[in-house]
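What follows is one chain in structure tokens, specifically the form predicted alone.
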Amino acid sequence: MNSSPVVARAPQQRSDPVSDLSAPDDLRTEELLITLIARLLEGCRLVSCGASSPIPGGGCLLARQQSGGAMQVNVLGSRVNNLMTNGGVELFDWAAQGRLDAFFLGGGQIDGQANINLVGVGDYPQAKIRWPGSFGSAYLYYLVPRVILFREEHTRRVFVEKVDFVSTPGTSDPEVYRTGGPHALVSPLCQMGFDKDRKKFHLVSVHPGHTVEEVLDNTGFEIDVPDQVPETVLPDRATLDIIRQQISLEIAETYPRFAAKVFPDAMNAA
């Protein structure tokens, strides 16, 4: 993902009204996404993020700080922010017990019904491209109430009309007991919500510097677009200070390269 400042792009013609709130000149895309994820976690008691997830991890840590300590956060791979003593087994136990309120899933492919493909491209088992595999995604997708789908690439090769392989489905038949499922989709272009009854995504907001048309052009499935599409609300200065002065150091414990790239000033001063 390009980590240049959010306002680096030239202004584009928009088909929707925009807020008159302008982004700080030095606001980075990663900081906006961390802030957005923290908002989506409001009210949670226990959240966890998996491997290779510095931005979701930063969002979790920011949400915990904003909760005044009421929220518990587990960051896979962290020693400081690791609540587990028995590895991934405990994560699945939390989900089964109804204790895990939110989790994050990505996918090599995600389609318009929120189905996820973590296996590969092409007809299985003769896939042209092979990914690591589904692991426990299906289990967690069925049980965790707020599953936030997150990808740092928003293109038609990721957001496809129909996945080549269903690692885990976005919805289930009415007779299937299921407490979990897709809550939101977050990308560098926008935020989407998901209607489980209609089995379809809808556009919630577009990030500054991007347009509704750009989102549609880079999405391979149909989404509902309301008449009025707001810009994603920007973090205020106080939130940015927390991210840069506190969250940056906390996430560096697990993701030092990410922190050095996105928060060089904080890392140099540490």
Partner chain sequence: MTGLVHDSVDSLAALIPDGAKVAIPADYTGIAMGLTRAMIRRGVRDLYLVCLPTCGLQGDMLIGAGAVKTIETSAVTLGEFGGAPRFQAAVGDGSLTIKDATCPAIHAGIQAGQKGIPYMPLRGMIGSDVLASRDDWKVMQNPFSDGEDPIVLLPAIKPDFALIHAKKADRHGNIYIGLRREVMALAGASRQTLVTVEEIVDGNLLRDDATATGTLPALYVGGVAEAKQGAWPLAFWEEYATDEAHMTSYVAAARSPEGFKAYLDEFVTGGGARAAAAE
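Since this is a predicted model, take the numbers as computed values, not measurements. Residue numbers count along the first chain shown, from 1.
Keep in mind that the form predicted in complex with the partner chain is not shown, yet the notes after this line are about it.
Engineer: Would you please decide whether Gly136 lies within 4.5 angstroms of the partner chain in the predicted complex, comparing each non-hydrogen atom pair?
Structural biologist: Answer yes; at least one heavy atom of Gly136 falls within 4.5 Å of the partner chain in the predicted complex.
Engineer: Given that the partner is absent here, does Val166 sit within 4.5 Å of the partner chain in the predicted complex, heavy atoms only?
Structural biologist: So Val166 counts as contacting the partner chain.
Engineer: Tell me, yes or no, whether Pro125 is in contact with the partner chain in the predicted complex, where a contact means a heavy atom of each within 4.5 Å.
Structural biologist: Heavy-atom contact with the partner chain at 4.5 Å: present for Pro125.
Engineer: Indicate whether Gly98 is a 4.5 Å heavy atom neighbour of the partner chain in the predicted complex.
Structural biologist: Output for Gly98 is no: heavy atoms all beyond 4.5 Å of the partner chain.
Engineer: Between the partner chain and Asn82, Asn86 and Pro132, in the predicted complex, does every residue show a non-hydrogen atom at 4.5 Å or closer?
Structural biologist: Yes, the whole candidate spot contacts the partner chain.
Engineer: Name the stretch: of 102 to 110, 86 to 94, 188 to 196, 67 to 75, exactly one has residues whose heavy atoms fall within 4.5 Å of the partner chain in the predicted complex.
Structural biologist: After filtering at 4.5 Å, what remains is 86 to 94.
Engineer: Counting only non-hydrogen atoms and a 4.5 Å cut-off, give the residues of 139 to 154 close to the partner chain in the predicted complex.
Structural biologist: Stretch hits, in order: Tyr139, Tyr142, Leu143.
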